[in-house]
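Given as structure tokens, the chain that follows is alone and in the form predicted alone.
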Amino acid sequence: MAQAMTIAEKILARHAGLDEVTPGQLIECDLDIVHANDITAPIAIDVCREISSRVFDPEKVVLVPDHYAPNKDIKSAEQVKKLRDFAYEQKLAHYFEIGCMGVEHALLPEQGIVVPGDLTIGADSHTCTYGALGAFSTGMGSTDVGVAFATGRAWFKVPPSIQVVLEGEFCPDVYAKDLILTLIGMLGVDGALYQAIEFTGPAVQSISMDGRFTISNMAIEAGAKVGLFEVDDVTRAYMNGRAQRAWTEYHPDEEAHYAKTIRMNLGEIGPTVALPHLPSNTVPAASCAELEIDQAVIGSCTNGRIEDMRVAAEILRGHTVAEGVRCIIIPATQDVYRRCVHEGLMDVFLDANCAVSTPTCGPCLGGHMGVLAAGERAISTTNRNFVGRMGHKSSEVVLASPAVAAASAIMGYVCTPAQVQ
């Protein structure tokens, strides 16, 4: 009798050419997509050249300059030029230059480059985002990715899986970001170390694709290799007309073994923030009224999609950002930017005295477009708030949903939408 397997185990087994795999097993797999950005690709390109004069498949290697793009200085311009030259030399099908690019983990799903059932690696830790599509996607170092550029293969240790069963319904002003912050607070930053998190349960169907991307994106903040959602009608509707190739659905077996099962009732979650300096340092947003901010950032690969823009705009509509606070809005892709224009969201942002940026990772990693000075505090919809993450080592970052970030920008301190006056 065939062994019962989780989604992660089924995808890895298929790509290793095996009938079954078990947690802890070392395997070598064929890859569907390999990608890198302007920080990580230069090293990967050098490694690739040491192995081969050509990439394994120009349709499957993707380069997205998004971290320091648009180029903030000469060094970043040189890094992007290295990507650009390599992409043209190798005739890569997927190279996204300024004007048609976006933050990689929002862009690849949006463009239908990653599809359900894929095994994907990227030289960026938040590659786990694509688990929302039912793909096994995980971050690796530039050296491993460079080898994959040349060979199309990578080795894996099969991870055990944690099952997270979602039940109930979100309360008003509560979103996917609040859910994943709450889970990280429960698990800790290493509570799912080298494990796959599989989200399931009756409440999953009520979570949009944008919400699922947010949840999967931050699986790494609990140490997980990937945050997986089973393919359902929501996934299929998202992929319809978007996928660039056929996909495969993998569903867990009823008897699949999980290292742990966690049950979460969405109705018991409130607006939540992560205080400095860990994503697991979570507290209710309503308890932070004395925590003043200098800056609010709404965007990133975690919360820069159109639903996030709509939520922020609804909170900001008819208000202005508090005096002394800078609010920076960063749509994650050109398509999101365009939809903000067409839906009138840009007028809302500008009327509220927000600054709107072209798509970029920018301030998330302390790169540009919102770097913090000594002693400053930002509330941000990004995914990490480590010491010095957004600027000076004495600055602070509070992680929040777009709703809480927008409300806080209006009031000048960390708060919930219900507290906006």
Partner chain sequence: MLFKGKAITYGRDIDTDAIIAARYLNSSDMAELAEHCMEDIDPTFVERVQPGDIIVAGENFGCGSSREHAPSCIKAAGISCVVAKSFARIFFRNAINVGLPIMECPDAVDSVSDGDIVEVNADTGVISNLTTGQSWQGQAFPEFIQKIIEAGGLVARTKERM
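Positions refer to the first chain, counted from 1. It should be emphasised that the depicted structure is a prediction, and the values quoted were computed from it without experimental measurement.
In what follows, reference is made to the form predicted together with the partner chain, a form of this protein that is not presented.
A heavy atom within 4.5 Å of the partner chain in the predicted bound form is found for one listed residue only; from D335, D144, D232, E314, this is D144. Only one of W247, Y250, F156, Y95 lies close to the partner chain in the predicted bound form, with a heavy atom inside 4.5 Å, and it is F156.
Judged by heavy atoms within 4.5 Å of the partner chain in the predicted bound form, the contact stretch among the candidates 119-127, 174-182, 87-95, 294-302 is 119-127. The three marked residues, L26, P42 and R389, each reach the partner chain in the predicted bound form, with a heavy atom inside 4.5 Å. In the predicted bound form, none of the heavy atoms of P70 sits within 4.5 Å of a heavy atom of the partner chain.
Of the heavy atoms in T138, some are within 4.5 Å of the partner chain in the predicted bound form.
In the predicted bound form, the partner chain sits beyond 4.5 Å of every heavy atom of N265. Among residues of the shown chain, A355 is not one whose heavy atoms approach the partner chain to within 4.5 Å in the predicted bound form. Shown here without the partner chain, the chain has K72, D73, K75, S76, Q79 in 72-104 lying with a heavy atom within 4.5 Å of that partner in the predicted bound form.
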